[in-house]
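Encoded as structure tokens, the following chain is the form predicted on its own, with no partner shown.
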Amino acid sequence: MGWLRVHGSPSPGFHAGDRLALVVFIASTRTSTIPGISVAGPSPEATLYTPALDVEYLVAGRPITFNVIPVTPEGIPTPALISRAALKLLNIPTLIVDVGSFLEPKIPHTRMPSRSVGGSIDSEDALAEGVSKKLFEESRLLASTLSKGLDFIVGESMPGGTTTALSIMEALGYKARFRVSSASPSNPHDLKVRVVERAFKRSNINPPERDVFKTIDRVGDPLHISIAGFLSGALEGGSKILLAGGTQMCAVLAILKSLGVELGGRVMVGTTGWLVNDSQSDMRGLLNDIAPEVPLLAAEMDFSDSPFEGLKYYDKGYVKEGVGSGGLLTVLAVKGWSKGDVKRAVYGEYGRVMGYEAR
């Protein structure tokens, strides 16, 4: 555990005998197509395709819908590459849950009945009235069917998610401006705030809003409310949960807190040192304001010795987190994997991908 940092309350942790599963929620929000909001794709419109491509690669080892690995405009690979390498070491089952992906992934997955692509919150409602409550209940029911002796690592893929997370947290009364993270080293805070302000003005949001579901329908997205529903069901079933993600997971916790869900000492957040140490966001402060009882675990990974330039960009402030990568790295650290072994697995996977793309 030498490369793991624990912030806040003592961690409930995972143990050798625990039965773990990774659950990755995917969705799209047209908020990601606002120019400058997201770099999780080669162009603003392409960010709508990223969630499906991420999980196709994660599960199948290659993208299926399009023959291209999701990259940033600079050509930096998706964090799903780290997640796939970690999953090979952990050897745990994976479930993909589509709650509103623009493209349906061409791999086996669970598809929520009320799945819906989120609207661009600056100009339209995120979801049709009543959809967020349906997504919450459907995801809660899914968890209740799975949480029979299972503990969960819960990840996500949704470009534009830090902007809608900012909107959700602010609407529910939490101060999140200039504190959410970004996949870019130059966090577009001013743009995100302008988008949220336009969303609030358009939809007459006056924080703190008390009707969580109406708030999400107007200025949220399909992803965070679904993950919150899943956590609610998993906690009812006695599971432990590691939220594998960055500041977006603070929005999930804000939803649960606003709904009065008792976290019961069984929820953790796992992310990367790249994100926790980012000077342009405030993961620790947000978590302390929203759910101080929830510990934050951070895997201090680096790719300084990588033979691949694309991975070295992670150390320069790009990407930082996503597709469950940070949480999976923290679990590897807890279970005693060395940092060197994990890096070798990531480098091997990157080399395989580059060889695949070259053919």
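In this text, residue numbers run from 1 along the sequence as written. Please read all numbers here as calculations on a predicted model, not as lab measurements.
Keep in mind that the form predicted together with a further copy of the same chain is missing from the display, and what follows is about it.
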*Of these, G265, P207, P108, P185, which has a heavy atom no more than 4.5 Å from a further copy of the same chain in the predicted bound form?*
P108
*Only one of T94, N277, N288, S116 has a non-hydrogen atom within 4.5 angstroms of a further copy of the same chain in the predicted bound form; which is it?*
T94
_Using a 4.5 angstroms cut-off on non-hydrogen atoms, would L142 count as touching a further copy of the same chain in the predicted bound form?_
yes
*Partner proximity in the predicted bound form: L150 to a further copy of the same chain, non-hydrogen atom cutoff 4.5 Å*: yes
*With a 4.5 Å heavy atom cut-off, would you call L146 a contact of a further copy of the same chain in the predicted bound form?*
yes
*a further copy of the same chain contact at I69 in the predicted bound form, heavy atom, 4.5 Å*: no
*Residues in which of 97-105, 251-259, 122-130, 154-162 have heavy atoms within 4.5 Å of a further copy of the same chain in the predicted bound form?*
97-105
